[in-house]
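To begin, one chain is listed below as C-alpha cells, in the form predicted alone.
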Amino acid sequence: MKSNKRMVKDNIFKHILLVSAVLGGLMIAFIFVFIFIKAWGVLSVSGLGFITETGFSEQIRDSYYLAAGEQTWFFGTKGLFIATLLTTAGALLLAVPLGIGTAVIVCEFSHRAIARMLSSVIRLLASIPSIIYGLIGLMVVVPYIKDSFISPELQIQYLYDPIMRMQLSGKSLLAGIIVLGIMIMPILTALTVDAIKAVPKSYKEAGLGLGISHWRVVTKILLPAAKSGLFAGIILAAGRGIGEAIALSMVSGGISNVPQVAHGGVFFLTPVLTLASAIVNKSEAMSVAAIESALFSCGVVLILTSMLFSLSTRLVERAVKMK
C-alpha cells in the first residue's frame, strides 16, 4: 500500500515537472516570436544595414517628427552594436582576473571565518540593483574621468570636430567599462567560489602530498578542474553585461557614436550608447510604430548576440576539455 502511494506521488510530481517544463518552453518561444514579429517591420526593410549602418539617434528623432504616412523604416545601429561589444568585452577584461583572483583568495588563502564573511559580502554585492552602481558611477567615476583626463582644450577640440562632434563630459565608454566591470565582478566571483569548492578535496591533498606549492596547486590543479564552473560564470556575467541598460544609460553618454581608434586615448572618452540603453532611453517615443519596431529590433540583436556568445564560449570550453 505504501509502495503504491509512493509511486502515485512520484508520478504526480513527475507530471508536474513535465507540465512546468513544457509551459516554460512555450513561454520562452512566445517571447521570441512576439519580439521578432514586433521587430519585423524594421528588420525587413533595413536587413543587414541595421547593424552595418549608423545614425540611429538621428533616425529616431526624424521618425518621431514625421507624419504617420511618411514614416521611414530604415535604421542603423552600428554604433550601438559596437558600443555593446566594447563595453561588455572591456568589463570582462576587468572583471575576470579580479573576480577569479578574489575567489582564489576567499577559498584558499583566507581564514575560514573571514572567508565566510567575504562570501556573504560578495553575494550581497551581486544582488545590489544596477541603478545603485549607475548612481555611484555617475557621482564618482564620471567626475573622476572628467577631472583626470579631459582638459578644456580637449573639450573644445572635439566639440567643433568636423567629422565627429561630441561633448567630452566624463560620460564615456571608459566609464561604462569601469561601472559594468565592477557590477558583474561579484557574480563571477560568487560562481567561481562555488566552482572551486566543488573540486574534490583529494585533488588538493594529492598535489600538496607530492610537494607542490600551494600556489601551483591552485593554478595547475584546482582552477583547471573548476574550468566548467568558471566558463559558466563568465557566460552569466557576459549575459548581464550585454543586457545592462540602466547603469550604462547613466554613465556612458547616451549618444550613438562609433569610437575611433585614430583618436588615440579619446577612443575611451567617447560618449556611447548601447543596444539595451537605447531601448530604455528611446522608449518614450514608442508611440510611433517605426520607432517601436526599431527598439524591438534592438532586442532581437541583443538576443542573437547573447546566444552567439554563449555558443562560442561553449565551443571554447569543449576545445579546452579536449586538450
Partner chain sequence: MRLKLFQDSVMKTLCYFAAVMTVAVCLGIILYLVIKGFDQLSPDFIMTEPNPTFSQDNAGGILTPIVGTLLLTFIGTLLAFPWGLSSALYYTFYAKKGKLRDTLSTAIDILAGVPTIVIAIFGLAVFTNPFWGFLSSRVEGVEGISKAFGRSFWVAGITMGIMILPYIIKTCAEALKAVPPSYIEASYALGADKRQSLLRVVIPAAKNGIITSVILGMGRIVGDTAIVWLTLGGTLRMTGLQPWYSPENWPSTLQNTGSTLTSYIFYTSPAGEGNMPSVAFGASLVLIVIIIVLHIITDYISSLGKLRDEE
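Note that the structure is a prediction, hence the values are computed from the model and not measured. Residue numbers count along the first chain shown, from 1.
The form predicted together with the partner chain exists for this protein as well; it is not shown, and the discussion that follows is about that form.
Looking at E53, you'd find every heavy atom of it more than 4.5 angstroms from the partner chain in the model of the complex. The partner chain in the model of the complex comes within 4.5 Å of no heavy atom belonging to I37.
Residue contact check for F296: one or more of its heavy atoms lie within 4.5 Å of the partner chain in the model of the complex. Among heavy atoms of S44, none comes within 4.5 Å of the partner chain in the model of the complex. Residue M185 is the only one of M185, I145, C107, A195 with a heavy atom lying within 4.5 Å of the partner chain in the model of the complex. Along 241-265, residues G243, A245, I246, S249, M250 each place a heavy atom within 4.5 Å of the partner chain in the model of the complex.
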